[in-house]
Each structure stands twice: as structure tokens, then as C-alpha cells.
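Single chain ahead, by itself, as C-alpha cells, in the form predicted on its own.
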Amino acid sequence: MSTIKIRAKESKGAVTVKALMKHPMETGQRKDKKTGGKIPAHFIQEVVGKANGDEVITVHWGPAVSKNPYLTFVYSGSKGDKVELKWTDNKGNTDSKIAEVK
């Protein structure tokens, strides 16, 4: 099951991409209430957006981004484009999703 939900819509040559990523985004600063120890850092470090295989955005995040981050961006494109979003976290986990522009 993908952790990414994408919507991409074209209007007057501009495609707006809206994405919600399900991720705990732990900073490494919070304490576990049961053990008293710190919860290890676990956050998305990089998000890459591609349109028809061409990179249109790269985002570098740190531990300060909130849980289940939301990302929106706009690029010049058209209906039928294939938009791919891929994230990589600090533990080496990745996920990606492809959506068609409406």
C-alpha cells in the first residue's frame, strides 16, 4: 500500500500537484513516555517530483517537518502527463506513486 496520495490538475498550461505523504516524521527529540528514552529520528529527507520522467522539483527536508507532510507545487504541463512523486527517508525507506494529470 502506498503512503502517498496525489492529485494533479491542469489549468491554462499550469499543472498543480498536491500530495499527502503518510510518515511519522520523528525528530529524534521526543521522549517515549513508557521507557523515558528518546524516540529515534525517522523523517523524510528528500522528495523528488517528475513529470513524464523529467525532474520538476526536488525538496530536501529535515526533522522539523510535521507528521504526514503535505506538499504542493506547480509546473508547466498538460492533461495526461504522468506525475511521479518519490520520497526517501533517513533510514533508507522509499515510496513512490504515479498519477495522471486531469
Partner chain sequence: MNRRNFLKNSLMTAATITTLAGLMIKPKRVYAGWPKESFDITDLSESIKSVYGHDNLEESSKVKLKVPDIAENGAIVPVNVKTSLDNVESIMLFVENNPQPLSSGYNFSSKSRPIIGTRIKMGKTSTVMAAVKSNGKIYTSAKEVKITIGGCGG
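Positions refer to the first chain, counted from 1. Values in this document were obtained by computation on a predicted structure and should not be read as measured data.
What comes next is about the form predicted in complex with its partner chain, which does not appear here.
S.K.: Quick one: does residue 83 come within 4.5 Å of its partner chain in the predicted bound form, counting heavy atoms only?
M.R.: Flag for residue 83 set to no.
S.K.: Check whether residue 35 has any heavy atom within 4.5 Å of a heavy atom of its partner chain in the predicted bound form, and answer yes or no.
M.R.: No, no contact at 4.5 Å.
S.K.: Look up in the predicted bound form whether residue 62 has a non-hydrogen atom within 4.5 angstroms of its partner chain, and give yes or no.
M.R.: Residue 62: yes, in contact with its partner chain in the predicted bound form.
S.K.: Would you please decide whether residue 57 lies within 4.5 angstroms of its partner chain in the predicted bound form, comparing each non-hydrogen atom pair?
M.R.: The answer is yes: residue 57 has a heavy atom within 4.5 Å of its partner chain.
S.K.: Hey, which residues along 13-27 are within 4.5 angstroms of its partner chain in the predicted bound form, non-hydrogen atoms only?
M.R.: Stretch hits, in order: 13, 14, 20, 25, 27.
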